[in-house]
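Given as structure tokens, the chain that follows is alone and in the form predicted alone.
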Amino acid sequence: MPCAVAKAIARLESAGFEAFAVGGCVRDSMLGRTPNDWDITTSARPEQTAALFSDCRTVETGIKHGTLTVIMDGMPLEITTFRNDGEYADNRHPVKVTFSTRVEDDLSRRDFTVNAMAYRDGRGLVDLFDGIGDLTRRRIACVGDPETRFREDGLRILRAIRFASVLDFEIAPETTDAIHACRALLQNIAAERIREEFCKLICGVGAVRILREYHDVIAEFIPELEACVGFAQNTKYHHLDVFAHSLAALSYCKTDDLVTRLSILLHDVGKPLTYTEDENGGHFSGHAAAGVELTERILRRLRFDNATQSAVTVLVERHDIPIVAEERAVKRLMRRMSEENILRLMEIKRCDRLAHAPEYSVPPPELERIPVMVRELLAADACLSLKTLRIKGDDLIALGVPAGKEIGRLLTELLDAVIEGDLENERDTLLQEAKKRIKK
């Protein structure tokens, strides 16, 4: 337990209140993981907590529900009064909470057994629902009746499968049944909250298993993926349906980078819309372009930031375009994509190929050679953008080109010629070429 947490609990206890570390920090500590944050639950009312920590900076993060954030020795601690929750009118928030003096009441209202444990030095662990047993069994189970828990707060459905993915746990049968039965409650949850949970889920070590087992739950907010489930590809290159292929590709992913993993999951989402069949089997002409449209729709719906939307869509767009390990081609690629996105693209292509039918599943050597070439070109300060071109707009104006679009067009032509290897990136050479083009 960090010193700041122990000090805060000791201060509350010295004033005659009970106080415990509670929830995820206890769970993670028991698993040998470093908690991201520490929460404290106490019998002190919010105003009493505020008075006790008047010498610290405090933030009223959820004062209506008894939560006060206290900054102790630079560490933010959420300190919440023991409470009972009233009815949940919107499948998300309790209409009213009642403060309690018993830690047992507070633990009874929590979502999962592994999150319903409290600890303090001296008393030790308070575990009313066999959270330790479920940690040992590597299992996610609701506190009390699962359907009741999910109908109180629909986001718990996604939290359950997120925990199962991140911790690589199974989900108890009764909880699993309730997740499937109550999944439509996710329609009442804000897109931002769904996105937050889904991002953690897809980056978890158990993501592939959870996405496979709970694809109907994912379809509540990404219905486009459900069309891929069971969609046979009918081609010698693929032995799996579209969704199973995407999950297989994701299983080969070596990184927990969100953009890469989202791109792998969505790279073939356009296939069901573009399927045609002839005597040679199934074809998916234009599936990448269709996938871009669907991906944009999905990411906008879930309120992803613009940078993530831009990166994922360009990777989906380019995932199926062959790239040769030749300097001119790599320079063209670097003109259009950042180094980070090129490395992501190579990983997506590697995973995609590994998920093909066995006889077509060997990744081409270019996928390893191209990142090396990218690093070499960057180290050599190769000319890849207008920034590194040895002439500027002012040079063209001095040659008589009027300011405006013509300047940009001519500079772009010169840059393309440099990238193609037709011109050296030397000032005199570029000026001479510019003069020729101006005359034309």
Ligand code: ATP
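Numbers for residues come from their place in the sequence shown, where the first is 1. Just so you know, these numbers come straight off a predicted model, no measurement behind them.
Beyond the structure shown, there is the form predicted together with the named molecule, which is absent from this document and is the topic of what follows.
- In the model of the complex, the named molecule lies within 4.5 Å of some heavy atom of R109.
- With a 4.5 Å cutoff on heavy atoms, D37 counts as touching the named molecule in the model of the complex.
- Not displayed here, the named molecule is approached by N115 to within 4.5 Å at the level of heavy atoms in the model of the complex.
- The shortest heavy atom separation between K200 and the named molecule in the model of the complex is within 4.5 Å.
- Residues placing heavy atoms within 4.5 Å of the named molecule in the model of the complex fall in a single listed stretch, namely 22-30, out of 22-30, 45-53, 402-410, 63-71.
- Checked against the named molecule in the model of the complex, the candidates K271, K349, R156, H267 yield a single residue with a heavy atom inside 4.5 Å, and that residue is R156.
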